[in-house]
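Here we start with a single chain on its own, the form predicted alone, put down as structure tokens.
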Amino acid sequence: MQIERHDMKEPKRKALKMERRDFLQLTALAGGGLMLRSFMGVAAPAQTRAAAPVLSPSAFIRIAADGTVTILAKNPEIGQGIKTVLPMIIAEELDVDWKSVKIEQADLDEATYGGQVSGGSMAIPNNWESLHRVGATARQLLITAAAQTWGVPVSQCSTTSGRVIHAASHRSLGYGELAAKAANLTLPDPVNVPLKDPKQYKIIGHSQGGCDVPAIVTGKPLFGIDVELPGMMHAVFQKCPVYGGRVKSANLDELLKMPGVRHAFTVAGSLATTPGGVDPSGSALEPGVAIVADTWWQAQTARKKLSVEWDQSGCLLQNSKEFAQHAETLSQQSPANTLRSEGDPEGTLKNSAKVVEAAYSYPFIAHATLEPQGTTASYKDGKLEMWTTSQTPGSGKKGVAQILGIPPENITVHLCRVGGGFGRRLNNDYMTEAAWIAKTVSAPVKLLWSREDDFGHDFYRPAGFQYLKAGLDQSGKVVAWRHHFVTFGEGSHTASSANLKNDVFPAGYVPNYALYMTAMPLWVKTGPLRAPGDNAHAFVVESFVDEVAIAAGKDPLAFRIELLQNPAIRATFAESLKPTPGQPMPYKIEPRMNPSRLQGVLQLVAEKSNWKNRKRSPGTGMGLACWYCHLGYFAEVAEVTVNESNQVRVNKVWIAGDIGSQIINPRAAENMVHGGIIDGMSEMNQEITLANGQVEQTNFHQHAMMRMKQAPPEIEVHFKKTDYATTGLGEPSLPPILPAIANAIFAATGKRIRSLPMSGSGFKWA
């Protein structure tokens, strides 16, 4: 086992099931190039084997006659670095120099690539094995072509830096010289092609710059907001401030007289609802008014003159204050649902030597992506072409096809770089709106939401209310745990991302345990936010664990490790889950949280932060928290100083993470962890509230992001490499930072934060 350290002081993150015969399709290109394609149970047409002057966007690898290697990135790039990381995997097995690789963004083509989704930190688990084999199969074809050229056994040939070597005769050929011949060879079985020993990796495990960074820093167009088309018009779309409100009347004739305005029309919409929540598809078309003009500024100016009478009959005009009051009432009643029950928690609590009880809550919050939602669409002759920033473009395409009545094969989707996703763009309402407007006006249209649109019509992180009790015996050991989760939904059905899994820690680690759930009706859209659910549940559980540890008179670190000592659970993590030494395949996913791995990062972060000798003085304190989510294990320690005005400054954060056997792109991984810390800190002081069904916050001044001056001066990241499958990094570093800081504030002040935003407890960032 290796431990690798990265911190700010040093110089400078369902596997594809494919039939073997369909895994790769080799195509000869004009100029003698090589193209590899990966299929998900779909056989390629016979004609794709013929020479083609136009390069297919569905290809993974192109090797030109001059040796230039182009690798296409399949998933949407939302800032998590996947456009660089996935090609790194292919390039590693292809055995080329990274500096010689060019990367291009693939269009949407799920028949070729399988799912093209960016979310849930699953890009690595979903693509690790298949992309390794894409690169390895290409390398094997090139070796075979060279061996045939020289008349020598394949076993005598090897590769390095884009060349095939025959050491015995001191001969070598570049990949470009072999590409045309390799294109005509019979494909080897990709399952049996030899893979590199990880010890031989030259690209994976070595820091590579983001492929788009030069274009970003020089202002070149990459993002969805940058798309420009000949004859393109610009659109805005006004929806009712209360979800589901419909247009009764609007002053459209007046708007059409304004400069640059070409179209103004109402949209009836097509809303879907479910008990306790709304719009589960994420692609439904809300009612509203569309304004299309020569420029976005003209369209937005016209909108300011728009006067709409809304029909809100049937809408629920809910209020945040009423939610809190209702939750408190429900907490005192018998829970509606039992999610998990073991032993006799109620009876054990009554007989416990000490009972710790607390109520926690957190608000709705918005995604607040820096690039507002938008899509460019062009409709002509029954066909639709789209340029979008969706995290789930395949789902968006299906939704558009269904709502517009267009065959999916008549829709082409281009993937643009995304100016922040965080889960917001897992839903595709903006794609549907742009498509509808483009079809209506039969011209290219760029729809761009305003910042106010984005705050007022998000799929919000759900609020929640959690009521916990823990029973301790005479020795301070936890013998009972009762957890009542009051959330949103109806009956046993919860609104999107408003659930709590029945295996959330410490379920299974306490002999007498109960997890209950009661749902309240909701009439606002909710959805995943980075580390869905975990971003709130970690704050609650890890803060309460800290409370219980203090009540037990035990060190918070030792207390957590004691909780993790469950022989029955540890026995379920057999050695078979680990990869064979020297071989990263096949990809295996653990059945549940592995306590030994969580303990490992706890011990590592304790060592690096010198937890044993931590500062304990009035106004300064250190807090600890850990969490498992999205296959990643993280433990974090925060040191804070709180002044007499309750202004909080985070002096330093120590982080230990276990995401498996490889840190694919170390510097990018460190950057991703830093982002998780800052993002989590922002969430500690953000809030979305409802008044009469309408969102009260309209912009960043009411839903603030962390300022640079408020960020920790030092963030120290340590990765613990373990012999488990490599996984993603977008989510798991975020959840522990909220309770780590909250626990540190308690250590510094003796005041416990049990509700967010922390301003409600009188604290604010310095």
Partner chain sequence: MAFNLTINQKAVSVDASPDTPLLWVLRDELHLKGTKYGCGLGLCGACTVLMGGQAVRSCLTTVSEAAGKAVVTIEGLSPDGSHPVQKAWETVDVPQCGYCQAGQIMSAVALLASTPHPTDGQIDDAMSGNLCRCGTYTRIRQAIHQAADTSASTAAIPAKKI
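Residue numbers count along the first chain shown, from 1. All values derive from a computational prediction rather than experimental measurement.
The same protein also exists as the form predicted in complex with its partner chain; that form is not shown, yet it is the one meant from here on.
In the predicted bound form, does residue 555 come within 4.5 Å of its partner chain, counting heavy atoms only? Close contact is absent here: in the predicted bound form, residue 555 is far from its partner chain, nothing within 4.5 Å, heavy atoms only.
Any chance residue 420 has a heavy atom within 4.5 Å of its partner chain in the predicted bound form? Yes, residue 420 is a contact residue.
Can you work out whether residue 658 and its partner chain are in contact in the predicted bound form, taking contact to mean some heavy atom pair no more than 4.5 Å apart? Although its partner chain is absent here, residue 658 would stay clear of it in the predicted bound form, with no heavy atoms inside 4.5 Å.
If you check in the predicted bound form, is residue 64 within 4.5 Å of its partner chain, heavy atoms only? No, no contact at 4.5 Å.
Within 4.5 Å of its partner chain in the predicted bound form, heavy atoms considered, which of 385, 109, 679, 177? Contact residue from the list: 679.
225, 187, 507, 173: which sits within 4.5 Å of its partner chain in the predicted bound form by any heavy atom? Flagged contact: 225.
When its partner chain is placed as it is in the predicted bound form, which of 152 to 160, 74 to 82, 557 to 565, 249 to 257 ends up with heavy atoms within 4.5 Å of it? That would be stretch 74 to 82.
Stretch 634 to 671 - residues with a heavy atom within 4.5 Å of its partner chain in the predicted bound form: 667, 670, 671, in sequence order.
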